[in-house]
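Listed next as structure tokens is one chain, alone, in the form predicted on its own.
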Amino acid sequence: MKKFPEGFYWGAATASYQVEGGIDNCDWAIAAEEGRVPLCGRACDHFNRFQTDFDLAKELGHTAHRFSVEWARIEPEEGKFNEDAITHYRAVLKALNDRGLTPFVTLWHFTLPDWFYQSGGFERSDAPEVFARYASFVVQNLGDLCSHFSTMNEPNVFGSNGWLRGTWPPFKRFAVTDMVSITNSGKIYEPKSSKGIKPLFTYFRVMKNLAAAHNQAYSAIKQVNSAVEVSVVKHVIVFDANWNPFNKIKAFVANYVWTGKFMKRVQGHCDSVGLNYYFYTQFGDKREWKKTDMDWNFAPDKIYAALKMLSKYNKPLFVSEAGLADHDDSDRAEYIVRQIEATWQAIEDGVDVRGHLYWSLMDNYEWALGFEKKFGLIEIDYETLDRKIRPSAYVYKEIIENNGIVE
């Protein structure tokens, strides 16, 4: 039996814009109206059906749930906060707590309120102060119902898709990005982006602002509620190398640029760190990899290397997202088991991992790819909005109930 520590958190994750529906005052809604990304519309209607969805999570044995609050709902105008939105998210937190699901709240998961986006977003020199004000307001109003808050989700993905690849708002593309493109999050939108050399320098400024925004938000949150745990959620790509020394140098540099640089900027302002893991790539690799529906290497066990990479910052870790797109659920169970075995091995080898949250609880809007990719433990029929638990979810349930993997 590969047993996990007592009190280990098990569950899944969602993000507001991807599942809630009805959000029309943010950058992605503007982009959809302009035909630059797919329409999200009502999505899974989770905004109205969260009680039902949490019942399903409870039925599947989950003990924790990560979700995001929607900045555009909470601060629809600059400096003006919407009490109805706070009331809604308090109801969401109460629903989780009532079911014994420990909530992990992400304060910002990619989408920006239209007023912030149209005034420059994270290019604004005062962006860190704007974000810190929002973050402290949310924690002040929700902190009695939740003790785990992440400031932001995957800052490097936000920055690189928006300012290097140009497939996400604000659609600015560095001219030589084709040489380093690493995901397929919306290639069809690349020709519509504004292309040039300048976006590279803007990207560096945005990444600096994002780190400052996290740090200032951390300090502002601690002023209003020193008891809550504050983390950042970091997307880690595991860059590896074959025997070739040149490839080893390339991997070292790539890991630093993608993960190390940002973490060095924020490590002094984290109580814990969330890991989002999807990518493994090896320089000099000649293997024919099995692929997920996203055309990513099927490498669940490489989450071990990602956890080891983050462990050097000496913070408690939790797997905040990890999973795969699998339209017919043929590979998901194997992926989950191997991913969890690798997480267990990391713990055995001294990494302080506190929880595992699969991505995602349900199928959802996969950003510039729309609704075609199926990441969910729960299948969504977008015509009827019916929910259907996939067989792989029961494999995960068995692991949760055993708090480990039976060998």
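Note that the structure is predicted; figures quoted are calculated from it, not measured. Position 1 is the first residue in the sequence shown; the rest follow in order.
Omitted from view is the form predicted in complex with a small molecule, to which the following refers.
**Q** Among Asn276, Ser160, Gln216, Ser150, which has at least one heavy atom within 4.5 Å of the small molecule in the predicted complex?
**A** Exactly one residue meets the criterion: Asn276.
**Q** Looking at Phe54, Trp344, Phe375, Phe67, which has any heavy atom no more than 4.5 Å from the small molecule in the predicted complex?
**A** Only one option qualifies, and that one is Phe375.
**Q** Please determine, with the chain shown alone, which of 348-356, 44-52, 367-375, 31-39 has non-hydrogen atoms within 4.5 Å of the small molecule in the predicted complex.
**A** Heavy-atom contact with the partner occurs in 367-375.
**Q** Could you tell me if Ser392 has a non-hydrogen atom within 4.5 Å of the small molecule in the predicted complex?
**A** Close contact is absent here: in the predicted complex, Ser392 is far from the small molecule, nothing within 4.5 Å, heavy atoms only.
**Q** I'd like to check something about Met294: if you look in the predicted complex, is any of its heavy atoms closer than or equal to 4.5 Å to a heavy atom of the small molecule?
**A** Met294: contacts the small molecule in the predicted complex.
**Q** Would Asp326 count as touching the small molecule in the predicted complex under a 4.5 Å heavy atom rule?
**A** No.
**Q** Taking the small molecule as it sits in the predicted complex, is Lys302 near enough to touch it, meaning that at least one heavy atom pair lies within 4.5 angstroms?
**A** Contact with the small molecule, no.
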